[in-house]
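Let's start with one chain on its own, the form predicted alone, as structure tokens.
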């Protein structure tokens, strides 16, 4: 699914303050921002603008809809103007963001038998859903390139992660797909690297799940 929505006009730019920036390792940072008054749903993104530039990048919100702050997981890319800005920010710095938008809904349909699969920062929308009160998935698989210093990141959350560490491009998460039990009503949610998503969706199509039960959002292309 494309992350480039077609807008009739440029969205308004909303001011926010940077609250904290926490490095987790492997060029991944958790960035806390001040809250906005607009409502949003788990799975929504915001576009973050580089200071003094019209350039922006979308980032999924990873916090709870009930929090008094916004939270992003950001991977810093060499030469990435927006990601570098976010990862080098200090508390008190000011940024501009778009209103929340999105269509990836890991919390829907309600009561579904869910399987979550993510690579890297693709974990963000799933964390948002769980932190916002959505029942945890039956299985949650997360592929990372290198060990992360997650500390208390998942403390108190009702989830059990299956963490896979693999090659830098494709990871090893997909090596566990055949061991995932599915039912006719199971919904699959995949978020992160395009290659992982393609393999996941292809695998579960072959096992008989219809397209209406396969949900994805691509963060990065290999």
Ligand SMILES: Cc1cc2nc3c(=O)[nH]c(=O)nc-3n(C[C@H](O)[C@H](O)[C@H](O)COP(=O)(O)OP(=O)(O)OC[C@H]3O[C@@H](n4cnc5c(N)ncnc54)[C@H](O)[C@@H]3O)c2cc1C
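Numbering follows the first chain given and starts at 1. Quantities reported herein were computed from a predicted structural model and do not represent experimental measurements.
Here the subject shifts to the form predicted together with the ligand, a form of this protein not shown in this document.
Heavy atoms within 4.5 Å of the ligand in the predicted complex are found in one stretch of 53-61, 172-180, 34-42, 152-160, which is 53-61. Interface residue remark: residue 140 is not counted as part of the site for the ligand in the predicted complex, having no heavy atom within 4.5 Å. Heavy atoms of residue 92 never reach within 4.5 Å of the ligand in the predicted complex, leaving it off the interface. Using a 4.5 angstroms threshold between heavy atoms, residue 121 counts as touching the ligand in the predicted complex. The closest non-hydrogen atom of residue 144 lies beyond 4.5 Å of the ligand in the predicted complex. Residues of 58-88 that come within 4.5 Å of the ligand in the predicted complex, judged by any heavy atom, are 58, 59, 60, 73, 74, 75, 77, 79, 80, 81, 82, 83, 84 in sequence order.
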